[in-house]
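The chain that follows stands alone, in the form predicted alone, written as C-alpha cells.
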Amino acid sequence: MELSDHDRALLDGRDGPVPRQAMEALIQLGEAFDAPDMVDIGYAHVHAGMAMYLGDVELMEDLAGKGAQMRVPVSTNIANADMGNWQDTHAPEGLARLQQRAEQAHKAMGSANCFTCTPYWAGHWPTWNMHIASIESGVTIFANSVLGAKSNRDGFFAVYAGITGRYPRFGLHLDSKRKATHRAVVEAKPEGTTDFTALGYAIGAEVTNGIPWIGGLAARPDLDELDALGVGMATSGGVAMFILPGVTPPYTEDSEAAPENLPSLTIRDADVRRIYDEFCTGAAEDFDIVHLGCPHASFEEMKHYAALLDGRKVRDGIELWVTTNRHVRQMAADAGLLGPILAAGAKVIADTCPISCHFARTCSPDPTLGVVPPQLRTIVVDSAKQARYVRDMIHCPTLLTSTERAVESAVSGRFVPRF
C-alpha cells in the first residue's frame, strides 16, 4: 500500500505512540482489503467505550492517558447508560459511573460527546464526497446514501481514523464500488417511519451486502423516513448504501433510470406486513416497556411524540421510554416539548436505549458492577431494528407496531397492532 510522507511520519512515531499505533492498525486493515493507498477523512463517528464490556472503557482511558487527540471532528456512538439520568432506567450506579469515565476520556481526546446512533440530528452532517469513518451501521448508510459522503461499516478502526485523519481507500471509498447491485421495486405503500423500517428490513434481507436501487415509492420520503429505511436495511443485511432516484445523490438522470441486467426484487404490502408478524411474538396484555426512538429520535419526532402524549397518561405498571441524543433532548426542552411527554409519565432517555443498556444479555460486564439483566416479559417497539436486536440481545419477545399505536398501547395497557 502506498503511504504518503505524512503516513510514514506517523508510522515512525513523529507524533507519539498513539498515532503510530493507530497508523499500524489502519495499514493492517488496508492491506487486508488490498487498499492502494489512504484518503484524508473529514469526520469520524467512533466507539464510545462500553461499560457493559469488560475492559472496554479502560481501552479509551488508555488512549486518552497516552495523550491521544482527535485530528478531525469526532462524535461518539451510543453508550450503556444515560450518564446524566441513569436512575430513570434503573441502571446500577456502578455501571453508570464506569460509563462516565469513558465520557471523560473522550472529552480529553477532543471528541464531541453526543453518545448516539444518530449524530446527524446532533449537528454532525458530513457533506457530499467527504470521506468519513463510522462505527455505527445506521450512520454509515445515512451518510453514504442521503448525504453523499463515503464510508464503510467500521469497528474500532473509526477511532484510529479519528486520531490520524486517515483511512485506507477500499470498499465504498472507491467510486467503482458505489454502484447499484440490485433493483428493488416497491409496490408497498409505506406510511410513517415504522413502515419504512419494515420496508428496509425486507429489502436488506434480500440484498444482503449489496447496494439496492429502489424504485416505485409513491411519494418522496422525509428525512426521518429515509433514516428508518436505511437502518432497516442495515439491520437485516449488511447494506451500507442505497440509491433512491431523484432523492439521493448524485441526482443525475442516469440515477433515475431503472438499472438493467441486475437481480431484481419486488416488495409488496404483504412483505412489509410479514416483518410486523415476524416481530410480534409477545402477548398483547403482557408487556413491560413501550419504546420509541430507534434510531435515536430527531427533533421532529420529539414534536410528534409530544403531540401524541399531550394530556394523556401512561398506564400504571407500564414504562414508556423515549430515547434520543442529549442534544435533541435539550432542544426539545428548550422548545417546551418535554413537558407533555414527561407529564404523561414517559421517560426521556439519552446516551443509550433498551438494547444498549443493562438489559443486554450478550456481553460480559465486570462482575463487581452488579449488572443483573431484569426479567422482561415483552417490549413494544416501533422500529424493526429495535425489534431484531431486542430479540437477539435481550432475549425478550417483542410487539412491533406504528408509533401512534405504540403510544396507544402505552396509554391503554393493551397492545394495539399496526394491522
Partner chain sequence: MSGAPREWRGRAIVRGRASGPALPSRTAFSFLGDADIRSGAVVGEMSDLRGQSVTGKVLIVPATRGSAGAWRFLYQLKQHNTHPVAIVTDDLPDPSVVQGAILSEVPIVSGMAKQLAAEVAAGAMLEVDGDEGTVRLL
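Residue numbers count along the first chain shown, from 1. Quantities reported herein were computed from a predicted structural model and do not represent experimental measurements.
What comes next is about the form predicted in complex with its partner chain, which is not displayed.
Judged by heavy atoms within 4.5 Å of its partner chain in the predicted bound form, the contact stretch among the candidates 157-165, 124-132, 187-195, 277-285 is 157-165. Contact with its partner chain in the predicted bound form, defined as a heavy atom within 4.5 Å, is made by none of Met70, Ala108 and Ala333. In the predicted bound form, its partner chain sits within 4.5 Å of a heavy atom belonging to Arg153. Its partner chain is not drawn, but in the predicted bound form it has a heavy atom within 4.5 Å of Ala25. Taking the partner from elsewhere, Val372 is found to have every heavy atom lying beyond 4.5 Å of its partner chain in the predicted bound form. Among heavy atoms of Glu61, none comes within 4.5 Å of its partner chain in the predicted bound form.
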